[in-house]
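Only one chain is included here, represented as structure tokens and corresponding to the form predicted alone.
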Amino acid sequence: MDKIYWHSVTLEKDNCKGCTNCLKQCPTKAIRIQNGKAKILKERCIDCGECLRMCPYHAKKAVTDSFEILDKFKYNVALTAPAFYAQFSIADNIDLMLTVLKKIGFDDVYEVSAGAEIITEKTKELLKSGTLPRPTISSACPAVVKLISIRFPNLIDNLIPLLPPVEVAAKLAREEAVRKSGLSESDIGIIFITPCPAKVTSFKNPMNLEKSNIDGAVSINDVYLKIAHKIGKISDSEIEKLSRSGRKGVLWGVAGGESEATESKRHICVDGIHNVIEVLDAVEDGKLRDIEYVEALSCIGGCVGGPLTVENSFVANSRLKRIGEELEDNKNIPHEDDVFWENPISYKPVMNLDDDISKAMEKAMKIEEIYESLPKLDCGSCGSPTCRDLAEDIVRGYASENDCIFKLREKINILARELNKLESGDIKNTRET
């Protein structure tokens, strides 16, 4: 039985003005405008956060945990994504950033980049084995994994079946916290400082795990001010030696860092969800068979460009590269075998018109019939992304042909002509009388 898909990206209807900014930019056509308000189709949404970026009225928001989640546990560990380090101009070293997190309420910290190093080593091992389909697609970005599951089902087998680094880091962080604190696992909170809503969704409703190792997620922009107020007040003597990962793990936070770490000679990196779709189309068409590995990232620039970050993505990209390049490669990466998916990724059909095949075929034919009668301008004024989407929405009962302003104008013009005829006839009859 499929799980109910929980979403971090939600809609604040009171703020929505019914514009079509989000409608036009949504990569999976998950948004409609109905009765003057946006509506998110849950089965299509991949929580990429593009609508958060595009909405000028802040009608879209990401549901994350508040800082008060720390009160639920006796011992809290902050999981830090590499993108976190790049948010602060005066943060020249990672140990400083990790120390600040302990100063604002966490008992310990654990770097996601440490999990990235483990996944890097396992990826290299699998690529060398020659058992993976080509091109093998990274499974680290949950928005991309969800995209493939609903739009590119033929490429599910191309996804490398490894857990995202954040889950690996969370598992190791909990094990370490149990050893350090002597507490039970249930008393320990593993809290991710997240740069994007897709990662929140991925632990609230994991696609390839029975249960996530993460207990909560606080957005980077929610902790930014707490950090900014403390960071300049910490003396050198207060900075603890907390960092454990090296250059390759940290550079996973920027586009290209992951694929370079795999040392594959035939890899490509694509960032930005619309660009990812273009590349996946090419993979599906068999045009990239000479490529061994595809690093696909929903956000421009990688995780440093996540919608829940604060700093300009280009500035953050440059800053993280500088931080990373100053590090050496980690020579003591622990070997972990328990890093594979527990559950396979399955196809999530969003075009299922009816469980009855004959009825589904009838509806599909009706969609084509309605589509042929529409203007094919794909203007979005009807509240559906394209004319074909409108045709589907009509058949599903979400919309009517009158929602198309061109069809409606045509009907109004016909009615106006008929009224003119009637009026002309009445005037003529009056004169004759």
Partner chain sequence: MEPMKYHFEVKGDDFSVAGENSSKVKKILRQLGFDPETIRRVAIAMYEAEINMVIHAEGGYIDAEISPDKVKIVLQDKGPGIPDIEKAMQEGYSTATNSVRELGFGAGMGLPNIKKYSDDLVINTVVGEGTRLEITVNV
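This structure is a prediction, so every number in the text was calculated from the model and none was measured. Positions refer to the first chain, counted from 1. Rigid core here is just the name for the largest C-alpha set that superposes within 1.5 Å across the two forms.
In what follows, reference is made to the form predicted in complex with its partner chain, a form of this protein that is not presented.
Highlighted residues 289, 354 and 365: every one comes within 4.5 Å of its partner chain in the predicted bound form, counting any heavy atom. With its partner chain omitted here, the record of contacts in the predicted bound form names 278-286 of 114-122, 278-286, 174-182, 187-195, defined by a heavy atom within 4.5 Å. A residue is said to contact a partner when one of its heavy atoms sits within 4.5 Å of a partner heavy atom; residue 154 meets this definition for its partner chain in the predicted bound form. Taking non-hydrogen atoms only, residue 65 never approaches its partner chain to within 4.5 angstroms in the predicted bound form.
Interface membership of residue 332, defined by any non-hydrogen atom within 4.5 Å of its partner chain in the predicted bound form, is ruled out. Contact check for residue 360: a non-hydrogen atom falls within 4.5 Å of its partner chain in the predicted bound form.
Core-superposed comparison between the shown form and the other one: the Cα of residue 67 travels less than 2 Å. Relative to the superposed rigid core, the position of the CA of residue 399 differs between the shown form and the other one by less than 2 Å. A movement of the C-alpha atom of residue 57 falling short of 2 angstroms is seen between the shown form and the other one when the two forms are aligned on their rigid core.
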